[in-house]
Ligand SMILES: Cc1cc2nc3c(=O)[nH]c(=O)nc-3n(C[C@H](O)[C@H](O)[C@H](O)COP(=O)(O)OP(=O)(O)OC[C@H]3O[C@@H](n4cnc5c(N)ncnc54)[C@H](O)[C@@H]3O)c2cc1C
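Heads up, the chain below is alone and in the form predicted on its own; it's given as structure tokens.
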């Protein structure tokens, strides 16, 4: 049995390693045009900032692939032929498969901005992006970053760390307030500006002008303001990378449409990770599915995918949602259901928020029928196991508010919560 996996990110690699545990005698081939090695994509910023080496971002030693007998092929897949059961690479090679897993990840959004193909204009997603950014930063004087999300603030911090003045353009009225409630967005906005970033809100990119060498020279925003910029970072989100499946016959919407076993509906073909669009049972054929583009969901989907490729019947269940990030020196954690805004209002939800702006701390508890369903935390690292247990058990929101210190991670370093926070949250939830 020959299994081919397209993509060696977290979803593809997890599929390969999990499958090898189940099937010792099968052939497993990982194909990637990006890199010969598997690395932590979320750690690329620390490589650029000099805090890590690229080899420090690799979770597995090189000998693992030899010992696990996982063949690695370097090349970009340009076509999937489901009839002949072959994938074709950009150099003309064809690789046969009995079972196929597509784990091609994401690709940065581009919106056809004039000048977006100039030198020095790029996203931050692949290893190649990191390499071009290194070259561009060597002689750049200023940078503009476009996009008000997590990748945008990371890229701004990276360039700021190289002592490059950075202007950050965000369409939102407060940083990332399409995902964060108002109080959280306001606190993040203040932290980004306090760090020295020229954050321009309620504006976006209009076009980019180049110099005589065909490289970026000026970014013009939608207010007409002109910004000197030899680097223009385009970080306006990502979308599933579907380039390999064009013309394959696999059903696509936002991503490759799969059921909860991550099967595509085509015999012996599965998809997982950022490129997969999970469609719930009984949904109409044109109903949008769910795309989950996080490291931990990619890992979980890889484990489920491996089980099903091996012949088991396992349904993917993400469990309680969580995410975390760092805005310069401000930690953000979220667990469960925390809406950015309620439109239309949900009368069944109660929210309580406590903000300590001088110390850059915030806690928000969201409850339904008195039971906690979600939490946001800024400035205090949280214990995932504690919060997921509280939410799963349907703990009383008032009880949780009184026990917040139980969930604080490393209180000896980050400190404990102000006792007034619990009292304020309990009062709001009364």
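Positions refer to the first chain, counted from 1. Computed from a prediction, not measured in an experiment: that's the story for all the values here.
Beyond the structure shown, there is the form predicted in complex with the ligand, which is absent from this document and is the topic of what follows.
Comment: the ligand is not present in this chain, but in the model of the complex one of 217, 294, 118, 283 has a heavy atom within 4.5 Å of it, namely 294. With the partner omitted here, the residue from 352, 151, 304, 95 that has a non-hydrogen atom within 4.5 angstroms of the ligand in the model of the complex is 151.
Across the options 250 to 258, 220 to 228, 193 to 201, 268 to 276, residues that bring heavy atoms within 4.5 Å of the ligand in the model of the complex belong to 268 to 276.
For residue 377, no non-hydrogen atom is located within 4.5 Å of the ligand in the model of the complex, even though that partner is not displayed. In the model of the complex, residue 3 stays away from the ligand, with no heavy atom inside 4.5 Å.
At a distance threshold of 4.5 angstroms between non-hydrogen atoms, residue 106 is in contact with the ligand in the model of the complex. By the criterion of a heavy atom within 4.5 Å, residue 373 is excluded from the residues contacting the ligand in the model of the complex. Contact annotation for 1 to 22: residues with any non-hydrogen atom within 4.5 angstroms of the ligand in the model of the complex are 6, 7, 8, 9, 10, 11, 12, listed in sequence order.
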